[in-house]
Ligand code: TRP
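Take a look at this single chain in structure tokens; it is the form predicted on its own.
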């Protein structure tokens, strides 16, 4: 049986952090053997919140380095830039005719972004970015989309657009299903919000052991646990959340020590630091190798764009035929 195809992607904003890994990249790596995967470098989507394009290419290179260093295999799964496969924009235009402004305004993720980024006037491209996402997914006939819970509304919009197109012009597109990640969000070091470079609360996949140690020393813990022997509440401690992900074998012991007061926050953070650094060690080693041979990284992108472009061209030929265009 042919493998189902999935499309996943990220906006190229530079080096990735462990929140990116936990929320998306880890899942992509697991899925690349089970599915036929395509990975989108969503450079047009950057423009929805930042019109500065000077860093997009350099940020793309940094992100692709992290993808490969973490374990994503470009031989199995082509990587390609949205801007270099022109069919994305054509399909986006056609899909924009199939959805109303009112439907896009009901998108809960858009409302969150407007609130979190203090946006007063929404640009047309930002309002319509779920339509471009739909084009991204359906151009490759993605049958499933790996997402966190916050992105499920976008998949639903994609399903609606696919259904509307198929009803209007004939069966061309699948209605993709969301593939939910089990550990969708990793809190930032401030403990208040999800990990985000714009908020300065991240641990990067490229951080040295010293940088990880320094960052974790400042991480938020249980405010009621002021001294070593004070009983703690692991359920409200950010560092315990990190232990759950990067130190699962010792979680029960750490929880008991925290609740009894026997384990102090300094020692708890030291254990967490050691485990995160152990996880990052092979990633950084691979990263260093790739940074010393950037032509290899550029070749990965070029090859992926050739492979992705063939799929995109085939899909648009079907679209033109269904719509009786050309």
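Because the structure is predicted, anything quoted here is derived from the model rather than measured. Numbering follows the first chain given and starts at 1.
The form predicted in complex with tryptophan is left out here; the points below concern that form.
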Answer option from 42, 300, 272, 56, heavy atom within 4.5 Å of tryptophan in the predicted complex:
42
With the partner omitted here, the residue among 145, 131, 91, 186 that in the predicted complex has a heavy atom within 4.5 Å of tryptophan is 145
Which is the contacting stretch out of 258-266, 60-68, 34-42, 280-288, given heavy atoms within 4.5 Å of tryptophan in the predicted complex?
34-42
At 4.5 angstroms, heavy atoms only, are 11, 136 and 151 all close to tryptophan in the predicted complex?
yes
